[in-house]
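Given as structure tokens, the chain that follows is alone and in the form predicted alone.
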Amino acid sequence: MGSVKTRIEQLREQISEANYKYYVLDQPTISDEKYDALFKELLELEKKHPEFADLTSPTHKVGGAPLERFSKYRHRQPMLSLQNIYSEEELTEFYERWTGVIGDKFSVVGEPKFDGLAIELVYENGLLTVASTRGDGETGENVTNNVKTIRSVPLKLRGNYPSLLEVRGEIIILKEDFEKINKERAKAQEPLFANPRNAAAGSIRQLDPQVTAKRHLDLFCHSVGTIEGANFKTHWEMVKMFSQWGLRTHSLKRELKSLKEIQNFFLEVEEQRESLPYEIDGIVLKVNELNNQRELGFVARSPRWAVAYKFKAQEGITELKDVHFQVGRTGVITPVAVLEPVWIGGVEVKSATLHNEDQIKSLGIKIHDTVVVKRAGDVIPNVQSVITSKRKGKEKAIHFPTKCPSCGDRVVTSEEEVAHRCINVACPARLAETLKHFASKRAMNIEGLGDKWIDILLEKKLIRHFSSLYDLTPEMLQTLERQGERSAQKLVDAIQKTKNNTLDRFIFALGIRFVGERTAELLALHFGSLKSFLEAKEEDLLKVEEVGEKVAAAIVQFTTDKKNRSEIEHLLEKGVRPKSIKTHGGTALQGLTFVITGTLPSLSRDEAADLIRTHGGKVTGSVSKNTDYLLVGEDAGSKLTKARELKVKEISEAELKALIR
């Protein structure tokens, strides 16, 4: 037992040291693979030995149980906002006000101004006890569990730390991670975040810390509220100590000793702005000497000794000429502002997003209005506001289409979301993505028909919808560049082979909103045939396990759409005959629920899942108390740990086949 405790302590120390060197010193010492292996080992040991639990363990960064709501937290010292300046003239005036009070024997600390979410971390005797948002400056929200998931935030300080430290900082999200999150949200048909700041704020206010943990947030510390047990003469000295305590600060900071140095630093940071991996919108300037800060004091809700010197706004004023409506890959119809061309930040902007109908109503915008346009994140332009004083009476209201601008099918809305949506799977604007989904491995599984192939076939007008895939011949494919007889025949054979796929795969391939693999499987098991599924009413669907009102409504909306039904009829005419997964195989696994992990000896995961389903069993994606068996292959992941924790029985591929026999 002693050796287990020692190993746990070693792992905690190794992981904490790796975090410190990676985030604080910017000197990574181990690979991501090695880090993940250490973390996984620690996680497994702690689960097996809860008697060695420690609240400062790095494993607390995976997220705990969801909260019902956030509690309030009152700051010991108010979290104030900064006054903004925008020009060299304003900077000179501000600097001269400083010299008028404290003379000219002082220095200034310059650092980047992050476009993120202000946060306060409270460390008592070196342990993180509270993390709070700014709120109204006096009272914020306690988001401790979420902030603990951020790898760059130490749960315990290092070295000779103060007895009480309230450190302030900015939570940010990298541009790259922001793009990934929005891609995932688009795939899940969720509203996109407008910018990285909104993504960071939305992530830190998740009631479920495990969601926050997946967002890859970061934090840079820049100042303090209350501090007890440490004394400093300058802000620079204090921030240098942050690193020794294990707190991350930004390397792009400078001690500046004149107005000229400040202006040069501003220009230097502005030049680097586009190449930085995160968003900044200016620099922050703070009088360095703490006695000078006390002498300058505060005004209203801002310190006199600090100021935000902002970059020039990436905005422009122009006329809204018209609004066009675009259909996205999930059918969501987005309004796009057609603008009188305007130059913003060195780029000519001719169009901008209006997001949705709610934003149009909120802005009160009309065609021919004079509008303020901003390059959000300096990349995607969007309409910020309307200058109503410039209206001349020729403005026209904006109306959302009732028919899809691409295919003419009806546009649907629901009370649960803002979006207007085309649900026709054969809509030309949606076709490329819906075809890629239809052919994908977990849907119809058409081998060799990848994304590039689909793009080429659409471009050459060889396919126009799902059913036209089954019209392709080797001769048609040989008209394409670098396509020989053999490869053309191979692809046609792969397509024809899918005509007798199982019903669950076919339902999933249709791309019905909210219907994933698991739901498709349950629908196929319940209804048994495509005919019964297509004729099902909402009340019939609600009898299916795990199908709620939202899913049932989406299915009925899809199956009653004339164009969708027509496309399914075309597929049947081409010989597509989805097989019932009830009547194939047997019932040896009836009522049993399986989860699959690792690499199996002779079956792919999809083949193993199909084998289980054809013999009456169910396959789910995650281990729970309802799981009967975990099918385990080589290099099993976290599912194995979870299964052992819940005492779920583990079986091999050979044992699965024995069960079936």
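Position 1 is the first residue in the sequence shown; the rest follow in order. Treat the numbers as computed from the prediction; the structure is a model and nothing was measured.
Unshown form predicted together with 2-(butylsulfanyl)adenosine (IVH); subsequent notes refer to it.
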Notebook entry, point to check: Counting only non-hydrogen atoms, which stretch in 106-114, 523-531, 466-474, 351-359 is within 4.5 Å of 2-(butylsulfanyl)adenosine (IVH) in the predicted complex?
Noted result: 106-114
Next item on the list: Taking 4.5 Å between heavy atoms as the contact cutoff, choose which of Ala488, Ala118, Met241, Val130 touches 2-(butylsulfanyl)adenosine (IVH) in the predicted complex.
Entry: Ala118
Checklist line | Selected contact from Ser385, Ser81, Gln77, Ser440, since only one has a non-hydrogen atom within 4.5 angstroms of 2-(butylsulfanyl)adenosine (IVH) in the predicted complex | finding: Ser81
Note to self: Is His222 part of the interface with 2-(butylsulfanyl)adenosine (IVH) in the predicted complex - any heavy atom within 4.5 Å?
What the structure shows: yes
Checklist line | Contact flag, Arg215 vs 2-(butylsulfanyl)adenosine (IVH) in the predicted complex, heavy atom cut 4.5 Å | finding: no
Check: Is there any non-hydrogen atom of Val284 lying within 4.5 Å of 2-(butylsulfanyl)adenosine (IVH) in the predicted complex?
Finding: yes
Check: Does Pro303 make contact with 2-(butylsulfanyl)adenosine (IVH) in the predicted complex, using a 4.5 Å heavy atom cut-off?
Finding: yes
Next item on the list: Let me know which residues along 147-182 have a heavy atom within 4.5 Å of 2-(butylsulfanyl)adenosine (IVH) in the predicted complex, or say none if there are none.
Entry: Glu170
